[in-house]
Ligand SMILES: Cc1cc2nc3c(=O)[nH]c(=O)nc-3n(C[C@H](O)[C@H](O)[C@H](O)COP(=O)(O)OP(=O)(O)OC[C@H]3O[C@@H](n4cnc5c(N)ncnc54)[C@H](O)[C@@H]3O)c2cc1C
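As a starting point, one isolated chain is supplied in structure tokens, in the form predicted on its own.
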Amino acid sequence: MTKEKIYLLSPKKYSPEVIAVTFAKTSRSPLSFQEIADELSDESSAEFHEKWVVGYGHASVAEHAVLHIAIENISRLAIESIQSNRLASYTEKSTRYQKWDLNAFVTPPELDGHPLKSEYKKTIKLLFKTYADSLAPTRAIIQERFPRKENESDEAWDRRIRARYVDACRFLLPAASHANVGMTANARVLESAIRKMLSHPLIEVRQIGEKIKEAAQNEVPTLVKYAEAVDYFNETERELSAISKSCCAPTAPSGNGVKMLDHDPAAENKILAASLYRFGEMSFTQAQQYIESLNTEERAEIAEKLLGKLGKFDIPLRELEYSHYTFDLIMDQGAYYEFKRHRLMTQTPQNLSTNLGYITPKLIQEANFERPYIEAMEAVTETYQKIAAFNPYLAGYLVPNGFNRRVLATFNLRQAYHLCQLRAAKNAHFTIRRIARKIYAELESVHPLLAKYMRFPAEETWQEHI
């Protein structure tokens, strides 16, 4: 009897393209993975990819070539294009735990030689100066609330409390602020990401796409070399933008910023039926009819068996995906930076603007810093309108974290468990905690049997901040 073997095809020994071909060839080769890999060269792997991945469209082979790309000193606005790719992994420099250098921002190439360039830079520098000036008064208040511990150094004390005041000050940081992000993606995802970046309306993003393509080709010379701009993206955006602007006037925010637009009223019964189906031998129709024959208490007992034993770090069964919820959300840009990380859901954010107003954190008010904060935000609004008249995409660079933004989102209950529990945690940004709690309230109102097993901190404090 042949003994099982499990081993690593190390990227220290084999190139990403060789690894991808090794896995692809196992479908028709009797050799072991190790033997296949040892027979390959970068040249033969490139020939394989040209024939099968490019020529015949077997793109899934490219998923075995994984790259880790370091991207530094780009704008947070550009980050959004990069992170819009669902099946990649990202780690980003945080505005909550680090303080920003006053000159760490992007001036878009489109403004070179334009009379608005000086006003753009003046407004950005005002935001950064106001941000820097806000740190000391807000820190002083937090220091009073969280005194230094015995034998604690100034550095350790500031590190312990930093997020508590920086979290409010960062509302002033614009989308032009520099950011670093590490991206891990397979070559198939990367090719799609590069195509989108090369088709983007902003020069900065297109230039980043070219540089990522160049860096990737050093490792996977075949798998991304045909990534080019896509006319479909540009034409569709242009035509739908024209219709959107002509058909509907901008709408001011109303309500609490969290509105459920759609859900499946039968989702609880479907999830419970699917859970029985998974472990039984009946048809789904039988399982659904059985669940529908039960009273509320009996269904609650099955719900308890499905979710009652969830541990703190456990993920619910996939059967919770037999549901959907669509929300129209309004949140500040700082909260959206947290929300956009939930890429498995479907998200449609609108472009950044100043048209939906901004949030003023209570800590800014308590520090007697409200006037300079408002003056900075109003200066942004004025400059934004001028630049938006020239190019609305460019105007997005100006918009600070404190301004509101609309996003349409559709997700299932399993995704909602992850979103609500993670973003309602005590260490989460306070405005995303508000969004997470309100989404939960909507879910609980329509599907109480299954939503009630979400775990939340006993005390909620987001109200103290806004």
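This one's a predicted model, so the numbers in the text were calculated from it and none came from an experiment. Counting begins at 1, following the sequence as shown.
Omitted from view is the form predicted in complex with this ligand, to which the following refers.
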item: Proximity to this ligand in the model of the complex (heavy atom, within 4.5 Å), stretch among 60-68, 25-33, 422-430, 396-404; value: 422-430
item: Interface residue in the model of the complex among 350, 89, 289, 107, criterion: non-hydrogen atom within 4.5 angstroms of this ligand; value: 89
item: Sole residue of 245, 341, 386, 114 within 4.5 Å of this ligand in the model of the complex, by heavy atom; value: 341
item: In the model of the complex, residue 156 touching this ligand (heavy atom, 4.5 Å); value: no
item: Residue contact check: residue 315 to this ligand in the model of the complex, 4.5 Å heavy atom; value: yes
item: 4.5 Å heavy atom contact, residue 94 and this ligand in the model of the complex; value: yes
